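Before any questions on how it binds or moves, here is one chain, the form predicted on its own, in structure tokens.
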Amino acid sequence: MSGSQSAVGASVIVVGGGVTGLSAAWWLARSGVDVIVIEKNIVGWGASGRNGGGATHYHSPLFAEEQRLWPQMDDLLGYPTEYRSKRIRVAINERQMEAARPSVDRTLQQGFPARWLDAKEVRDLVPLAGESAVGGVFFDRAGQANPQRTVQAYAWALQDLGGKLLQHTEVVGFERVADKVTTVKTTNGNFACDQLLIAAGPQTGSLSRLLGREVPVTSARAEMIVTEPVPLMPIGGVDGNGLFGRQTLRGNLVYGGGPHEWLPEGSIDAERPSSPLSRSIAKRLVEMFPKAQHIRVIRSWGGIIENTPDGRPVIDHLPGASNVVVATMSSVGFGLSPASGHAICEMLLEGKCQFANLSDFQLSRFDNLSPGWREEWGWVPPQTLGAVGRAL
């Protein structure tokens, strides 16, 4: 940190203690950089600790790095993530079989194995599917991990490398000199920095707005349900019928999927009981796994995700603030976190990501976005108590 900075701080300050911010901070600490993560609540409070745990994003330019890194993460972090490779996408009708084709094509194009399954093969690998399955796809290198364990692994590994983590600390503003942010102002004091990463999930938009260039995001509530344990299937990572999730090592089925309920801008309220949308998840889970229709749902929760207008991430230098990088993964942050953290680290240290072309993630694609886009598209919260908002 430059000697002219008088406040306590670090070379890099990361705002946001979800998996994207924690991964980036860990990569920076591995590179010998002094880093502080500032989190308003506790690490993983939003969707990072409340998702389906999938690590399969064939559509992303970070996919190859995601698949390269996940099998190594337990060893690299020094803590368990419960990562397991192999994933199946089940189809319960021909339309869903056809909808899976782009994922197969994209996976094969990037040099990773994928193969079609007939109905019998699906039943052998996914016994709960029973006669409902007409077929599916087997992804050999895709996988899943435990979100809660993974968040904690990032946090512990960061601290093992000397990185600092400040929880229950809200960022309230910034100080600048010319086009550089020099100080992050929080409810627990001010912290000087040479560089800044804003990876604050639903609050990324409001925080970037304070620096003169808003990252457009809207909050939504992503519902998840958990069933009582059932016998372990040969493959624990199974998607389909509009659902994403996994079977835990204990045997529970943990699943979620749209539609999602829109929330007020910047909302991070994950404490309210689940909405009626959780019933839709349970219904679709039984359709995909008819042999599980006798088991009970024992828990449900909602994680708060942020969505960009086109559903794709933003990882970019913030215009008008030369030492600031902004990152929002637009609801796909967990699985991509090893790769996105690596990419962000390179952007902060070298000016750009060296291993992938992130031009599709540039903020400039929203230059002509209407200021009232949320209202125009109906991406707004319910207007009456108990109503379900217009869905994603």
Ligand SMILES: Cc1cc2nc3c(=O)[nH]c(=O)nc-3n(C[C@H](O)[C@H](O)[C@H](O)COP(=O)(O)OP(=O)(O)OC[C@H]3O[C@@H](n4cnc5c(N)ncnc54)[C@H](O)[C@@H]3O)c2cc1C
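In this text the structure is predicted, and so the values were computed from the model without any measurement. Numbering starts at 1 and follows the sequence shown.
The next section is about a form of this same protein that is not shown, the form predicted together with the ligand.
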Check N190 for me: does it contact the ligand in the predicted complex (non-hydrogen atoms, 4.5 angstroms)? no
Is there a heavy atom of P61 no more than 4.5 Å from a heavy atom of the ligand in the predicted complex? no
Please determine whether W26 contacts the ligand in the predicted complex, using a 4.5 Å cut-off between heavy atoms. no
Just to confirm, G341 within 4.5 Å of the ligand in the predicted complex by heavy atoms? no
Using a 4.5 Å heavy atom cut-off, which stretch among 74-82, 106-114, 216-224, 131-139 contacts the ligand in the predicted complex? 216-224
Which listed residue (L253, I305, L318, L263) meets the criterion of a heavy atom within 4.5 Å of the ligand in the predicted complex? I305
Within 51-69, the residues that have a heavy atom no more than 4.5 Å from the ligand in the predicted complex: N51, G52, G53, G54, H57
